[in-house]
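First structure 1, then structure 2: two forms of the same chain, each alone, as structure tokens.
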Structure 1
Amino acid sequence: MGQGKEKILQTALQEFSEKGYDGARIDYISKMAGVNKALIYYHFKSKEELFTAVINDLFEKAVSVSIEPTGTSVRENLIQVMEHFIDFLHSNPYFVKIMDQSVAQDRDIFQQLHRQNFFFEMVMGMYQLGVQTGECRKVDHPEDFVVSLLGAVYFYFSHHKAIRKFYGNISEEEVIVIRKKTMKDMISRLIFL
């Protein structure tokens, strides 16, 4: 395999994540990737198939970074998982963008990806374990708490462009540190005793 295919996928990810499926231009991708347009159609049947390939490629690389918490308490593990989530969103801005583009319009490939539920289920499971071990307080609607927590983490990244200014002139790394601290605080106060 030549390096063309990989370059096309990279560039297409960027283009799709910035412009969305409809806004993305094949001509532009070929120009940016420095390959001939015909090469794109040599490797991929259509724009739709290129998009699908981009998504699958992204998920393969993304989910391969799996999450195996190693702490000794539910609290520790939950915080580990959340920090991992924050790091992941921080280092994969295209992931967030293309996710949101695909949610906003609802592209069918998205309905098929069961990985969407994965994170929710995991956090939910950890909470339930915490209730069993007596570490977590019982709440009436844990699913709503989990959704709120995930939203609290996700929102900053998904609306980064609009939100970032509220943090002033510090580096992105510093923001990430603050975010982790806040989330730790939130988790502790919200669902632990």
Structure 2
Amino acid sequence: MGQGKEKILQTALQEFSEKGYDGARIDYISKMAGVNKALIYYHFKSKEELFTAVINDLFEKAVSVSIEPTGTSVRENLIQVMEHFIDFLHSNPYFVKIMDQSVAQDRDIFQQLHRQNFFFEMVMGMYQLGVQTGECRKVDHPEDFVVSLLGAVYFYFSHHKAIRKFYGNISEEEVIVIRKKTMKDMISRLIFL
């Protein structure tokens, strides 16, 4: 990806996540990215296409980070994937903002996101393997179970301002360590035999 296109995507990410789709302005993105507005429309035919590209770019970055689990069991691998999801959300606060705004504004972009289901599919695949190997207990609605696990991770970041106070005066890094330990414990107790 060219530097101009990458700069546009990064600037648009900030603009969309701070102001939402309706409040974001292509003129402002152009000015802050230091590019001509025509260059934006060369790469992205519309504001909606730019918005979708921003979210797809975030998913691509999540996928591009090596996430090949290295554990010797389904449990270890599933925990590694969930820890990666925590790290991804922690490192990409704009991702949470832009996704929350998309849902709140009822933007119908989710069919256009080509890597949206990455974490879901990975966790579901590991769960199904665990059921086959006898490591995981079988549940009636595994899709809801996986959504609930991913939601437990996402909720902290989505509601950070309201929830952070419960952790007292510890650093954010300490909170992330606690979140990882809690998710490891939840996964171990809820899914595995």
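Keep in mind it's a predicted model, so treat the numbers as computed, not measured. Just so we're on the same page, rigid core means the largest C-alpha set that superposes within 1.5 Å between forms. Counting starts at 1 and follows the sequence of structure 1.
Engineer: With each form of the chain shown alone, which structure should be assigned as the form predicted alone?
Structural biologist: Answer is structure 2, the other one does not fit.
Engineer: After superposing the rigid core, is the C-alpha displacement of Lys45 2 Å or more between the two structures?
Structural biologist: Yes, Lys45 moves 2 Å or more.
Engineer: Is it true that Ile8 shifts between the two structures by 2 Å or more at the Cα, once the core is aligned?
Structural biologist: Yes, its C-alpha moves 2 Å or more.
Engineer: Can we say the CA of Ala24 moves by at least 2 Å between the two structures when the core is superposed?
Structural biologist: Yes; Ala24 is a residue whose C-alpha shifts (by 2 Å or more) between the two structures when the cores are overlaid.
Engineer: Superpose on the rigid core and then read off how far the CA of Asp57 has moved between the two structures, in Å.
Structural biologist: Shift of Asp57 at C-alpha, rigid core superposed: 4.3 Å.
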